[in-house]
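Just one chain is shown here, as structure tokens, and it is the form predicted alone.
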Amino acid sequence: MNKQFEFIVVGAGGFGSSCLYHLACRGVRVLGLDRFGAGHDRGSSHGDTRIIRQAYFEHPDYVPLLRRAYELWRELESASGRELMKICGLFLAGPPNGEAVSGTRLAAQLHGLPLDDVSLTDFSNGSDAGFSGFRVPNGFDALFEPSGGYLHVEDCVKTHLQLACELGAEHRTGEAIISWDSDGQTVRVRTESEEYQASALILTPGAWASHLLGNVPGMPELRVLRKTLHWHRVRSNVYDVNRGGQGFFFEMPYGVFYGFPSLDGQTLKLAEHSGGEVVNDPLEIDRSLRDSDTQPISRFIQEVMSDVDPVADRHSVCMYTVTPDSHFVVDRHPEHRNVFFGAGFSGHGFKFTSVIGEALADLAINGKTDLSIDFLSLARFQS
């Protein structure tokens, strides 16, 4: 078994699989390591779908990265012959001065992005064509982003991994990472069964970031939050993606909720973006469905979505790894010039996996990237 490589990527989920692919595209010898199999359900990159959008209320500086991410998703579709990204639009509603509405308007204005105001005239009676499955609370503004949509999350991960391996990368699973070290020239990665060496290391460990990045000077606390995803039966075809159904995002007084059109005409997926219980050990996360998980979702459905059964048909559990400011950390290790990392994607990162993987590959090979990631550097926490 070959144990020496030019690059090693630790954590081959959303971001790691993309980095592995972009390194393989450049013809280097690269190894990807993961405790679990391709497209597994033990982290943050599973559950059928993830929202993608460009008018980014979290921070307008993400928009240039998103534009490149869209290009890369289309390139990956072309290379694989698979549909990975579906553009169906995103319906967003909340208080006019709330983070979601005001931030979306700002990002669209600064970057010249298409964004439509949705008239709420007689909206509650379902007369607004295209949005009749929703009841918008009084006093809310509603927006429609035509460039929004969703990604097929497991297929994205598996496609990155498959194409990476076809290009010569190695992907090994079932190996938990024990430790790593660097002397500036060589990195060593120890798993439960092997030791590997490379010239450079890229760490994308998801919920295990504190274990593998906890000694990085200046690294903030990374909290891991338990999150549940819910699939509910629909009572009409108004949410069907093949009949004009779209993704949605609502900033309610008691929580923030998002969801997807029905892909099968029978169920749709939705979840609460806010809240979440702190997870001390990602391996021991509670995967059952609790009343505290279902109550906010049921309330939201009963208040906003008239044609959805408020009782979940099935569920899944995933994790957010959250920084203090809810923005990513993508950087070079301040003490080891041949170690790079991406962490703390804070529950809104998957749509960026295509472009952050490219950025990490740039950093690992060239020591720099032309992509606009400076605002995601570790230095912001030191200042």
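Since this is a predicted model, take the numbers as computed values, not measurements. Just count from 1 along the sequence shown to find any residue number.
The next section is about a form of this same protein that is not shown, the form predicted in complex with a small molecule.
- Interface membership of residue 115, defined by any non-hydrogen atom within 4.5 Å of the small molecule in the predicted bound form, is ruled out.
- Within 4.5 Å of some heavy atom of the small molecule in the predicted bound form lies at least one heavy atom of residue 44.
- Although the partner is absent here, residue 60 lies well away from the small molecule in the predicted bound form, with no heavy atom inside 4.5 Å.
- When contacts are judged by a 4.5 Å heavy atom cut-off, residue 158 does not count as touching the small molecule in the predicted bound form.
- Remark: of stretches 90-98, 254-262, 295-303, 213-221, the one touching the small molecule in the predicted bound form is 254-262 (heavy atom within 4.5 Å).
- Taking a 4.5 Å heavy atom cutoff to the small molecule in the predicted bound form, the contact residue among 40, 26, 67, 29 is 40.
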